[in-house]
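Just so you know, structure 1 and structure 2 below are the same protein chain in two forms, each on its own as structure tokens.
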Structure 1
């Protein structure tokens, strides 16, 4: 009996499988273990992590390092991935044309239109004048309410108000006639006076209807077709707001322009294409399909994408000792997304969702660094270290220990930086390694929700959401209620929360539960589902997915509560049996490569003994 340990060094985690190999290649699996990867995959920095995971697995099996015959490591060529995002549209407001934000407590409800008048000038207005009162800083809410009431009593039609302080509700509660009031306008002194304006506040739980509609604005201000076309960016920027102000000035302008974001050059084996990043992800991925297989890519200098590709090359160059010019980009994935950007020239810190393109890229290198890693492991463990086969081949062997699988089988290994796929039929294994996985999903969630908190975005990606409806229960995202014996934390009350393993975590955003859920699922679909289909198409016989009988989803992201289901739905119409792997019937989607290394070594030993 030979005691061996198979070790899979991944980008994020290092896994081990300890087994005894008996006569005829019979394998008895004893234990498994997992630990974070130390250093970059496939380099000598991995040694501490490998030593730790091997010791853990041996301890669980009741054995020691001295009992080992060999340690089997996968051919873990370094993979470096990078992420970048280019914003490709921008909303610019000149002459203070728009105020559209969501103060916590706007006052009143409805739509008011009139001419902007400073609070101090209300006394100069006569009966029948339709005005919007602009209340600057330093005006007490009671004085503001008294002044507006006095104007109303004289017959002045005060149809709305714009207020600097957070006083909207206090003012409207004291008025003799309800009017819409928008408050917390920080640059209220820049609101142009004597101009036609409209103020709209929606009822609680609703969003504005008129000022977020191009034709609604046209109706209020009497615009012609060309003017309506120019005001369209204003309406789009105000969609989803509970309150807004639009002021029409003679020279005012709102533009929605595309920002030159540089170009991406894709080099294939037979041709080369350049595509402008502002053309969007669809055009970039279409160009990639035309040049496939990709041999290299470069971005225009001075752009985020150009900088990201350069960083990826430099990092790989430092790891392998090769020149940056010799490092080649193996794959890219482009995804259309939205980024909340502050509106240039706005008066209340307004944000508009601008179009952006997120790009992931990946490079790999030769197995040269693995030899040095194997030598260091021999010194650290005092045991023979063998470099096993290609990682994808080993993953397939491990996946085949999942009960109910059979050939032809495909595996999808969903990691943090890359998505790997392989297909094993009766012949050789075909594999592909693509850029884009869990890290890109986290970045999309973080940017689209405007969180600026990567750790929270990671939790939103991994765990279900709920809304705290009382101090003792939450409403889950599937509509069911969950009750608690102890009162919920005060900071969670009436908030959307993430139900993580560490407890309940409030999401500090004004987005409702459905919006956050939609962003999360869309990000997973854009990355994991798109990449899964892209990968399977490249490894399937003749590019026909119907030739694949089984797909086994492996890797850390396969533990996600909805990614495997999203992929299964995408391939269901092609007659493919798809599900999360259960390696050896006990390990779930983990440990496939480590198990495959042991199975492959056992097969080699049996062939040697037979020969």
Structure 2
């Protein structure tokens, strides 16, 4: 009988499996454990994490370190990925054409057009003047209403108002003639006076019709074709708003231009292709398919993409201690996304979504430090340390302990930084490592929802959403209700919340639940479903997915509540049995490599004794 511990050092977690190997290679698995990986995978820094996880697994099995005959460690070649994101279009709205804006409670309804006049100068306007009144901060709503009423009484055509405070309904309720009023305009002092402007407020439950339509703006301001073309981005930015303000100034200029984002050069074993980033993710991935297998990638110097790849390369070289020139990019995943950009000249800090491409790049580094790691581990534990076989082979062996699996089997290991796949038929195991995994999903959610909060984005990725409908219940995203004994905090009221393991977390944005859910699922689809298909296509016999009978989903992201389902759905049409792994029938999608190391070692021992 030999007591062994299989250890899998991953990018984010280190897992161990303790087992007893009996005569004839019979394996009795005793326990499993998991800790965060210490240091970069495959370096001597991993030792404390490995020691910790081995001790924990042994403790669970009721054994001590001195009972161990060997520690089996995976061939932990560091596979490190980097992320970068760049805008490819940019709408520039100069300060002279101001747009906005969408407060919760605008006042009145309809469209008003006229010349902007400060509230204080309203008395100087004559009968028949068509004006938009601009009410600065510090003016009381009753005084504002009285002033506008007085002007209306003198025959001044006050057609709309722009207000600093949250006062719109209060003002309109006190007017003798209803006009549209937009409030909460924080930069009201920047609204140019004496300029042509239009204010539109839609009825409750509706959205504006005129200022969100290029020809509507053209009609209001009497624009020609060329000017209409220039104002088009303003109309686009206002679509879906309940209220809006457009101020037209003589030098007002809007342009929608594509930033030269530069080109990405993909170097394959046989040929090389360049593709412009502004062509989008689809074109980049098509080019990648044509040069596969990729040996390196570079970006045009002095452009966005050049900077992106340089950043990835620098991070890698820093982490692995190799020179930046020696770092070879082995895979890239490009994803179309949106990045919120502050609109120049906006009245209340509005954002517009600009097109962007996110790139995940992956680098494989040398296996050098592995021996050092084994040596340090031997010193720390006082036990023999064996470096096990290829990680993919081990993962397949471990995955096959999932009840109900059979050959040919493919595994998909969904991690934080990379997506790995391997397939085992009767012959050797074929495997690939692809860029793009959980971290990229988090980044896409963060940027597309404009959160600027990685931790919250991570929670949105991992947990279901709900809306707090009262102080005592939430409506889950699937429509079911959940009740609470204690009243919910006021900051959660009527908000979308994430139901994390640590409790309820409000999402402080205007996005409704459906929008957040859609962004979350789209991000997972763009990364994991795309990568699953890409990976399986590369390992499947003859590139034919139908040749794969079983797909076992493993890794941290396999614990996600919807990623395995999204993948299963995507491959269902190809007659593949796909599901989340359950290693040894107990461990779920975890511990596959650690288990595989033990299984492989047992096989070796039995062959030795037989031979």
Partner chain sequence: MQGPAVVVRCRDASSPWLREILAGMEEEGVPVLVEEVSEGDGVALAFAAARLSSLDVGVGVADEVCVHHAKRPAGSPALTGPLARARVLGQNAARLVVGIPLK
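Treat the numbers as computed from the prediction; the structure is a model and nothing was measured. Numbering follows the first chain given and starts at 1. We call the rigid core the largest set of C-alpha positions that still match within 1.5 Å between the two forms.
- Comparing the two isolated copies of the chain, the second one is the form predicted in complex with the partner chain.
- For residue 110, a C-alpha deviation of 2 angstroms or more is recorded between structure 1 and structure 2 after rigid-core alignment.
- Core-superposed comparison between structure 1 and structure 2: the CA of residue 210 exceeds or equals a 2 Å shift.
- Once the rigid core is used as the reference frame, the Cα position of residue 198 differs between structure 1 and structure 2 by 2 Å or more.
- Taking the core as the reference frame, the CA atom of residue 138 shifts 4.5 angstrom between structure 1 and structure 2.
- If you overlay the core, the Cα of residue 231 moves by 3.6 Å between structure 1 and structure 2.
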